[in-house]
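In the block that follows, a single chain appears as C-alpha cells, in the form predicted alone.
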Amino acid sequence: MTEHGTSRPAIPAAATLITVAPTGAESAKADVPALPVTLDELVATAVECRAAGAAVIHVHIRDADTQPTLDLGRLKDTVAALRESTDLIVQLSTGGAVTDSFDRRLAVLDAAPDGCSLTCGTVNFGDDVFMNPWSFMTELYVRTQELGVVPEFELFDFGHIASLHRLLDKYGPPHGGHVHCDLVMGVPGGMPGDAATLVQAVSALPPGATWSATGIGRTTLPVMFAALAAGGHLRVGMEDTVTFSRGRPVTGNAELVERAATLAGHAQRPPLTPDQARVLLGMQARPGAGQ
C-alpha cells in the first residue's frame, strides 16, 4: 500500500523492463525518414511502442529544422504531451548532443521528467568525445536527488562502473532508493557489445542494482540475447540502430519493441507495464493510479 492507501502493482518474479529510445541525437531525418522528430511523430511513436510492450521512453527532441535541441520550452511541452497520451515513464536524456553545454544539460531536469539519463564518465564517441567529467556528474546527481528525478546510470565502459560506485559512496542512493543502470555497448570507443563483456560488466555493478543493456548497431541482437539470458532488461530503438536486419532499414520504433517483447516472452520474462516498472525503479505512482 502507498502512503495514500492505494495499492501498487506487484512485479512479476520474472519480467522484462523494455525501454524505447526512439530518436537520439545522431541520425539525420533526411537519412532516416522513419525517425520521429516532430512532437506529433514522437507522441504517435510512444503510443505504438506502449502497445508493443515498452514501459519507458528515453527522449531526445529536435527543433523545427529537425536538429537536436535542449530547448526547455520544447522539453516541457514534450513531457506534457507524452503524459497526456500514454502512461509511459518519461525519461529525458541529459546527454543531448556532444556539442551541448553542461548548463543546458543540467537544465533538462527543470522539465520535471519522471527519470533522466546520467552518464558516469567521458567516452570517445566515434569521432567525437562525449564529455562527462566528475564535477558535472556530481552536480547532475545532486540535482536529481533534490528535484525527485530518478536517474538511470548510463555506463559505456568499465571505468564508468567504478565512477558509479564512487558517486554512490560519496552522495548516497538516488531518489527512490533503487539503482538502475543501462549498459551501453558497441559504441566505437566504449566497451564491445558481446556476451563476455556483458557478464563481466554485470558482475561489477553495485549489489542490488538492476540493469538494462543496449547494443548499438550490429551488436543489437547479440546484446539483447545476452541480456535476457543473464537476467537483465532491454533498451531498443532507432537511437541505437536504424537497421532491423542486414540490408533492411527499420520501418519504425514499434517493430524494435515488438521484437524485444517477443524475445522476452520466449525467455518466459514478459514485459513489465509502466506501473510495474515504476515500482521496480523506485518511482512514485502516477497521479490517480490505483484509485
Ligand code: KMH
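So that there is no doubt, residue numbering starts at 1 and follows the sequence shown. In this text the structure is predicted, and so the values were computed from the model without any measurement.
Unshown form predicted in complex with the named molecule; subsequent notes refer to it.
Contact between residue 206 and the named molecule in the model of the complex is not found at the 4.5 Å heavy atom cutoff.
Put simply, residue 96 is close to the named molecule in the model of the complex: some heavy atom of it is within 4.5 Å. For the chain shown alone, residue 50 is not a contact residue for the named molecule in the model of the complex, no non-hydrogen atom being within 4.5 angstroms. At a distance threshold of 4.5 angstroms between non-hydrogen atoms, residue 41 is out of contact with the named molecule in the model of the complex.
Contact with the named molecule in the model of the complex, defined as any heavy atom within 4.5 Å, is confined among 222-230, 42-50, 24-32, 254-262 to 24-32. Annotation for 208-242: the only interface residue with the named molecule in the model of the complex is 239 [heavy atom within 4.5 Å].
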